[in-house]
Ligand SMILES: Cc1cc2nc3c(=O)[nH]c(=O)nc-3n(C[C@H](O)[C@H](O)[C@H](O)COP(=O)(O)OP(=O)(O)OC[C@H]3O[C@@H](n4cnc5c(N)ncnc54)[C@H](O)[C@@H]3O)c2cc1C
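The chain that follows stands alone, in the form predicted on its own, written as structure tokens.
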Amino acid sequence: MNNRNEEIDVLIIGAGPSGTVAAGVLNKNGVSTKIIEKQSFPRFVIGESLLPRCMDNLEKAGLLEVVKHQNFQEKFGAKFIDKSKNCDFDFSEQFSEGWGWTWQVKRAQFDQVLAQEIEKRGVPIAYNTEVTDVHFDQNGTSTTTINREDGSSDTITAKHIIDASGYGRVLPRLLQLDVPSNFPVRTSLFCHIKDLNRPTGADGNRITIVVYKQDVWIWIIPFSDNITSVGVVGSPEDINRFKGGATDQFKSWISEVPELADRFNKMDYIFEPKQITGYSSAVSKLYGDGYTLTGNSTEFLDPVFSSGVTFATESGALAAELITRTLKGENVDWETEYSEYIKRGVDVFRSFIMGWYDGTLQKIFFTKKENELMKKQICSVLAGYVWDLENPFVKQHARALKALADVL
């Protein structure tokens, strides 16, 4: 039974980085906002290596300073390894104007810090609360039914909804917006491990990507507390090639990969290894009358270049800015200013991800014929600056990668 109806300007579904960045921007602009979150915080989620572009969006939302005080592991670049071949990227040596560093974070803590800061600023977050139904009237005003843990329910009337529910994909499910991803089904097997044999210096602190074979790779993401996230990604057939459950298979992978064996073979696992399969997703449209999809509610490609939180914060901040203008009576071209803009960045990363798995990008990374300017341009993409049209690897991403690989 519904107890009451609440009226606000913007309802946000999901208290992850996309939702809290959006809430921060809306709050700074005086827009009344509420967040509905299905889970309680802190809660585990994957996506632990940020890109420098995230810093711009955290700053827009007024959240950068609180994160700076958390002692997260600073991240200045990335290292790629293929047997005896190495390729290093330093974010301070990129082509685009932007941040030269960011963080590697345990998402449980990172997401909670953002959410708590948003609450301090007066944005209420209803935890353990689920959106079960949404109706839009002809003007785009929505009435959303929410159910709480105790079985009670209310309705919320809002002028606009932001769906930042991530893998929950609330509006894509309710409005039948889901479409199949054009990416092959891949799986990731991962765990947090005590890292008592961590190398000193840069190699012990930065994210490292290890090539096992062309389409199977491993991430090593160190945190600031001597815990490291380790995961292996590939097709289900490749990843599940060892016998046993997730823990036995993960132990086999640790022993199998030389870059992991010496460092992690006898280390304690912080939790039982987890496996996620078929995580790529897509939607038929990113917005509609009275709603906008942000973060993983729109499209998720692949974890290889850590683009997830970048798109989450970019789309959250942009959606909030456009909604603010709309509520002020301005005419916003949502197709050009939101949908085409977000898709342009997604398409750049799509080309890089496809180039990674078909071997094109690995050929470029591990070449002996390194071109300093082109490396800086590629570094900007890896830093998340995928909207800089001065960069040929953004403006002509698919063609530029293929042409460079052909030359090499």
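Just count from 1 along the sequence shown to find any residue number. Computed from a predicted structure; not experimentally measured.
Not on display, but discussed next: the form predicted in complex with the ligand.
Segments offered: 265-273, 77-85, 234-242, 163-171. Contacting the ligand in the predicted complex at heavy atom distances within 4.5 Å is 163-171.
The single contact residue among V309, I118, L286, A158, judged by any heavy atom lying within 4.5 Å of the ligand in the predicted complex, is V309. Only one of N57, S380, T33, S49 lies close to the ligand in the predicted complex, with a heavy atom inside 4.5 Å, and it is S49. At least one heavy atom of E130 is located within 4.5 Å of the ligand in the predicted complex. By the criterion of a heavy atom within 4.5 Å, I221 is counted among the residues contacting the ligand in the predicted complex. The shortest heavy atom separation between S188 and the ligand in the predicted complex is within 4.5 Å. Taking the partner from elsewhere, Y357 is found to have every heavy atom lying beyond 4.5 Å of the ligand in the predicted complex. Although the ligand is not shown here, in the predicted complex the stretch 24-59 places heavy atoms of I36, E37, K38, Q39, F41, R43, V45, I46, G47, E48, S49 within 4.5 Å of it, in sequence order.
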